[in-house]
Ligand code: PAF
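Form predicted on its own, single chain, as structure tokens, below.
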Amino acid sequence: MKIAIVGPGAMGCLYAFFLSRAGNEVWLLDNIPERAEKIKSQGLTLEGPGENQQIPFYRITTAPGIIGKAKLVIIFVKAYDTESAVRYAYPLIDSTTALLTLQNGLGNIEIIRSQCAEGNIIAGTTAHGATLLGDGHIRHAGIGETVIGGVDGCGLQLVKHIKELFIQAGIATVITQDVNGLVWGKLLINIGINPLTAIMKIRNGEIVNYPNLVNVMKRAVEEGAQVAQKMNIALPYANPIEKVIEVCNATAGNRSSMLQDIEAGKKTEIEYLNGAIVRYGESLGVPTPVNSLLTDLVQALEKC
């Protein structure tokens, strides 16, 4: 299958590595020529549990016309770049294309829908963790399940096909019937982990070592759960706080994407995570003081 992955960051390269190694025609669409040339010349390198492998990778370009129409387009850019990325990738898409977002945060589905009426939208989450060590060089820092589901009446057979494709590539995948609940479930995990790791400059698993941080995490997640409840969203787990602590432990060695962004001097996705909780809370009359404070702190860090 011809697969195009938009965004050669940590997660984009991780999925490109697995899907390419499984024998698929995988392309990476980049917007930085120098990075594309470096990956083309050096290939993809994966470090991780039981893995330390480099594979050649020549199918990377900044010109979507070179790729042509793809059967699957995976959007792996930051949430604030989704709109421009979908417009950039538009030449890859026709009525048979599946568009998959595995991004963090709220709003990505709506942006993809507004920019591309032709594609079949699939959304999901992944519990894999990856750290970008260099262009095309990643550390697989956490192994977990990928969950996907169709949006706007996208056919179940297409979703099943993507699931089998991922499983054949070694990416454990299941299907959900409630994409909205899934996205919100991942959101609550991210609002509890990402800003604290970025502010404190610690790995995911270190949060649970500090009772004060656990208390802040609990309050942030409780606020998010109250907003979700007000919106009648069914979360994919019974106890949000227990789930966040479980993920902290399961991805203990991972450096969150927000921490990586702060360390690299890049903009973070805080507006689409904790900031989204604040905006929804304001519109629904749900107080979100902890999420508001975390948003302000991370935005201040971006400017340091």
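Position 1 is the first residue in the sequence shown; the rest follow in order. Everything numeric in this text was worked out from a predicted model, so none of it was measured.
Although it is not shown, the form predicted together with the named molecule is what the next lines describe.
Asks: Which one, 54-62, 35-43, 235-243, 249-257, holds residues whose non-hydrogen atoms are within 4.5 Å of the named molecule in the model of the complex?
Replies: Only one stretch qualifies here: 249-257.
Asks: Should residue 140 be counted as a contact of the named molecule in the model of the complex, where contact means heavy atoms within 4.5 Å?
Replies: No, residue 140 is distant from the partner.
Asks: Would you classify residue 194 as touching the named molecule in the model of the complex, given a 4.5 Å non-hydrogen atom cut-off?
Replies: Residue-level check for residue 194: yes, a contact with the named molecule.
Asks: Decide whether residue 186 counts as a contact residue for the named molecule in the model of the complex under a heavy atom distance cut-off of 4.5 Å.
Replies: It does: once the named molecule is placed as it appears in the model of the complex, residue 186 has a heavy atom within 4.5 Å of it.
Asks: Though only this chain appears here, would residue 108 touch the named molecule in the model of the complex if you measure heavy atom gaps against 4.5 Å?
Replies: Because no heavy atom of residue 108 falls inside 4.5 Å of the named molecule in the model of the complex, the answer is no.
Asks: Check for me whether the named molecule, as it appears in the model of the complex, comes within 4.5 angstroms of all of 104, 190 and 204 - heavy atoms only.
Replies: Every residue of the spot touches the named molecule in the model of the complex.
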